[in-house]
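First, one chain by itself: the form predicted on its own, in structure tokens.
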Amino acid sequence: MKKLIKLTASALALLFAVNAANAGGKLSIYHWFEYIPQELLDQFSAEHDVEVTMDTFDSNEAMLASLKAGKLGSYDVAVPGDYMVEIMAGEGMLDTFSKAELPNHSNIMDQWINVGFDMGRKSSIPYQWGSTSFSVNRDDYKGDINTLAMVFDPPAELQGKINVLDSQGELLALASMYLGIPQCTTDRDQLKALNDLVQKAKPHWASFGSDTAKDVLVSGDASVGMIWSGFSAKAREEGANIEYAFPKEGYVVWMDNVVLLKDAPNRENALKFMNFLLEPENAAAVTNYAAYTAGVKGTEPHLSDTVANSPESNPPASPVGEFVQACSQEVQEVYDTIWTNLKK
């Protein structure tokens, strides 16, 4: 009888341990910096009894390089941009899920379901979308700003006072728009012209800074700053007298996405987190914090007036923004060479 009691106690202890593991656990996130409110992470952690840890990156390319260098299998979810989702899928770095595993899948806006980089949303969910252009300090410059010449061939009074994002895909996309050539062109003369343009513009740039893109505009250290739309809105809220440009040659639009990574150590909690972010109130909390736009139905009642009405969130009908394209391996190697030489 005593032996039976001991076995039963051991079985109960094992059962409790299994239940505790199922009820709680961990979640490891690889995310952009300053892009999700801590309160939302705390809410998820409390609701699901999950310990959340998060590391940050400052560009799609940095995130990809880190995962390829051995971090894949360390994180459960990451937040790449549209073209990077396609690249990661091609590299075999993403897991897939069924709609049954994500009950809030139906909350995704129709226009963000059948996207070229993840048709039907089988590896990713929409996080936030916005644009990449530049903002200009109106105390320093009064003229027309709606041209990419402000970055690539700036007027004399702005030379040496420009910050550009440390983001290969977006910077070279904008440079291609300025030249009027296709993204990912295979034409050698056009690729040479692209290289010549950015090398000629480089002396006019004071810095390459993504994580400081907002701060240098607020402090006045930069008069022109290539920047993401939400960061621009936040810089203005913090006192910068800036205007966000929608240049006539075009600008970048993007959709950041939460992806389920291959070999995620906490796959079940990753799916819980993705489902949590598809709740309209939670998606709106990210929008109110980051000042971008969600790809989730039903967020409007939860949005602040400031975010809903910001100039950055309400672009003109023309020009139309373009997504960054994922280039062929041959062209990407040329882009990498251009970028390496540019950063020297």
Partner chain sequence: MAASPQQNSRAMNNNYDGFGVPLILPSWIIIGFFLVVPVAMMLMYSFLTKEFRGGVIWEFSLAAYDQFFFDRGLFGDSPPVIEWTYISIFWRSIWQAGVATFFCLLIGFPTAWFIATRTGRNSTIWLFLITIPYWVNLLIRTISMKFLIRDNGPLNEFLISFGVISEPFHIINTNLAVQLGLFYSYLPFMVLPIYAAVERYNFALSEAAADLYASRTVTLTKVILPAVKPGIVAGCILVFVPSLGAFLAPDLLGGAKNFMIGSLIEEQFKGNAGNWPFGAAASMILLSLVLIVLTLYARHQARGQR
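Bear in mind that the values here come from a model prediction, so they are computed numbers and not experimental data. Residue numbers count along the first chain shown, from 1. Only the largest set of C-alpha atoms that superpose within 1.5 Å between the two forms is called the rigid core.
The form predicted in complex with the partner chain is left out here; the points below concern that form.
- Note on the partner interface in the model of the complex: the residue among K200, K142, K192, K99 having a heavy atom within 4.5 angstroms of the partner chain is K192.
- The single contact residue among S310, T293, N282, S59, judged by any heavy atom lying within 4.5 Å of the partner chain in the model of the complex, is S59.
- By the criterion of a heavy atom within 4.5 Å, G169 is counted among the residues contacting the partner chain in the model of the complex.
- In the model of the complex, the partner chain lies within 4.5 Å of some heavy atom of I87.
- In the model of the complex, the partner chain lies farther than 4.5 Å from every heavy atom of N266.
- Looking at D153, you'd find every heavy atom of it more than 4.5 angstroms from the partner chain in the model of the complex.
- Note that among 239 to 247, 122 to 130, 183 to 191, 142 to 150, the stretch whose heavy atoms approach the partner chain to within 4.5 Å in the model of the complex is 183 to 191.
- No member of the trio L41, E47 and F323 reaches the partner chain in the model of the complex with any non-hydrogen atom inside 4.5 Å.
- Using a 4.5 Å cut-off on any heavy atom, the residues of 68 to 88 that reach the partner chain in the model of the complex are, in sequence order, K68, A69, I87.
- Relative to the superposed rigid core, P301 undergoes a CA displacement smaller than 2 Å between the shown form and the other one.
- In this overlay on the rigid core, K71 has a C-alpha that sits 2 Å or more away from its partner position between the shown form and the other one.
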